Each structure stands twice: as C-alpha cells, then as structure tokens.
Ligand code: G1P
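Just one chain is shown here, as structure tokens, and it is the form predicted alone.
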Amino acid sequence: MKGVLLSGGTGSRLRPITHTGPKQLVPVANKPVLEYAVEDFKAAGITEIGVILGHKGRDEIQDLLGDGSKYGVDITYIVQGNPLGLAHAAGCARDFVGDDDFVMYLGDNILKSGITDLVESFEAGDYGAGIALQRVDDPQAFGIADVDENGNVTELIEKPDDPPTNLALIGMYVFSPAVFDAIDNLEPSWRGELEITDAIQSLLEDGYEIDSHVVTGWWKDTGKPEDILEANRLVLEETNLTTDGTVAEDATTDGRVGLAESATIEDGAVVRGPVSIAENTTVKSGTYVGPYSSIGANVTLSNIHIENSVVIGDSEITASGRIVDSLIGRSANVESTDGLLPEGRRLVVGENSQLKL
C-alpha cells in the first residue's frame, strides 16, 4: 500500500501567517503539521509516499521533507498545480500509485490515533474505498456518511440540510485503484471542483463496498488559528517533553517542560508546563511562560506573560503585559512603547487578520 499526502491549498483561513509560507508547515508543539502525517504513514507500515504539491510553498515543503530518508520513508513529489478538488488531487497520483491500494491523507490534519486502524479495517475486507469518520456536533458543516449495521457506507452527502447521521468525513481515506476510473467520469461540482465524496458515491453506485472506521480519539483540522492552538494543546498534553537546555538556578519550572539543548531559561523567569521551547531561544528574567505554549527557535522573550500561545520563531517579544490564546508569526517583533506616546494600542496587522482586544 502507498500513501498520498495532500500539501497544496492556499491556507486562506490562516492568513496572514500563510502569506509567507504553506499552512502545512505551521508548527504544532514545535513540529510542522506535515511531519505528523508522515509519521502516521510510517507507523502504519506505509513507506512509499507521494506528496501532492500546489503552486504555493513547493520549495519549503521539499526542503523540509527531502527524499524522506530522515523519516525512514521514500518520498515522491507530484505537482497538482491549481487546487481543483480532492478528487483531482487524488487523480494526479495515478502514475505514482499504479495498481496498488493507497491512503490519501490531508496534510493539515492531525489525528491522535493515527491511521493504522483505518488501514487494517480496509485490508480486512474487499472494499473499493475506506473512510475515516468522526461524530460531530454540527454535521451540516461536513460531508456526512450514512452506514449500515456492518459499518459499510450506504450514502455520502456533502453538507446536508437534514443529515441522516452525525458521522463526518475527516480527511483520511483508503482507496483501491478503481477510484481512478470513478474520478475520470466526474463532473465539477457547483464549486468548480472534483469532489472526493462524488468519487466515493460513484464507487458505491458501481457496486463496490465502502468501509468506514469511526475515530474515537481527537482529530483536528488545523486550518484556522484557533485550531492550531487547540491542536497544540492536545499534542502537548501527550508529548514526552524533556528539559535538555539550561535552566538557571533562580529560574522556576513546573510541570513538563520541553527545552531544547541550546535554549535557556534565565534567573527570575517562570515556565509552567506543558510547554515546548525550541533551539536557541532565551526566556529572560521577568518572563512567565504558561501552560500549552510552544515557543519556536531563535526567539527572545523578555518581561512578558504568555500562555496558551504559539510563537512560530525568529521573533523578539519584549512587551510588558499579557499575551494569551495567540498565534504569532515568524520574525514578529512585539515591544512596549517608551511611555511618551498617547495611551492606546499600536499595531501592524497583516491582511485578513482577526483581532480581539
């Protein structure tokens, strides 16, 4: 079985963070989202992976993943170009997949339990496809599956007004090569895209059985800032964090603190875990880093209270005050005024930002 990892898309919901890089490389617990997917493939025994690239971020993604050898996998890059739908992306992998079954994984997803159970469930039967599902509170916002008592899918409906179940498709699929013929016969949807739900429905109508696997652990689509923060919290809760860097004698650390070898917590600083602090980062005196924060590489924190936040890296944050529930982009500079200006907040904010002041 092979893997197909989707890494295109524009990341419009994560602007301005994604104005300068692909959404799949935004870090969660100081690791790019895309790496979690590669690790899930490896854990499921899938070592041949085709990475689908769009127009944006091709070089950055290839620089990160390389040929896959550092992860113990073999990576082939496939250029999709314009994002014309998930089924179009799958179709681009036809030559790579050949006659094999394959898992298709959306690269901005993180799944607690990985994909091993999904793969094993598919391999236990004779299926045209298999889909990962999760129960959701707002099924009208998702593609929804109706299933029979044996877990076989009977119908797929995209964002139904009156959903028959609350079982949502969450972006992990297993396909037999039969899906490529179904994709060839698709017409674009009202969105102008080739929909993967239509391809699976076509397999159903052609007599193929469709397996389903209900995911019981957490799953996050990291497409929005609040989703990044929630995923960061969930991953930090379960990650083995080790303190390898320097903690000064008069610094305070509580809970699980991941501190890279070249990172430093200076005298008078307080860090309460779970927290991840990356390479060449300094937490200076007067700084409080609270739970569920990930501080990227090459960051200086001084005289600031920060918690439940992600600082991507290469930044200097020296403002007095409190920063919470925040996603701070690369190379940001957050500082206090000298007190001579009229009272008020002064911000330089990227396009399509959302502020809560």
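Residues carry their position along the shown sequence, with the first being 1. Small disclaimer: the values here were computed from a predicted structure and weren't measured.
Missing here is the form predicted in complex with this ligand; even so, the following discussion is about that form.
Judged by heavy atoms within 4.5 Å of this ligand in the predicted bound form, the contact stretch among the candidates 137-145, 281-289, 239-247, 123-131 is 137-145. This chain appears without its partner; in the predicted bound form, the one residue of D117, D221, E230, D101 with a heavy atom within 4.5 Å of this ligand is D221.
This chain is displayed alone, yet in the predicted bound form one of I210, V215, L106, V97 has a heavy atom within 4.5 Å of this ligand; that residue is L106. For the chain shown alone, E158 is a contact residue for this ligand in the predicted bound form, at least one non-hydrogen atom being within 4.5 angstroms. When contacts are judged by a 4.5 Å heavy atom cut-off, Y173 counts as touching this ligand in the predicted bound form. Although the partner is absent from this view, T197 contacts this ligand in the predicted bound form, with a non-hydrogen atom inside 4.5 angstroms.
Proximity of R191 to this ligand in the predicted bound form: non-hydrogen atoms within 4.5 Å are present. The partner is not shown here, but in the predicted bound form the stretch 59-97 reaches within 4.5 angstroms of this ligand through a heavy atom at L86 alone.
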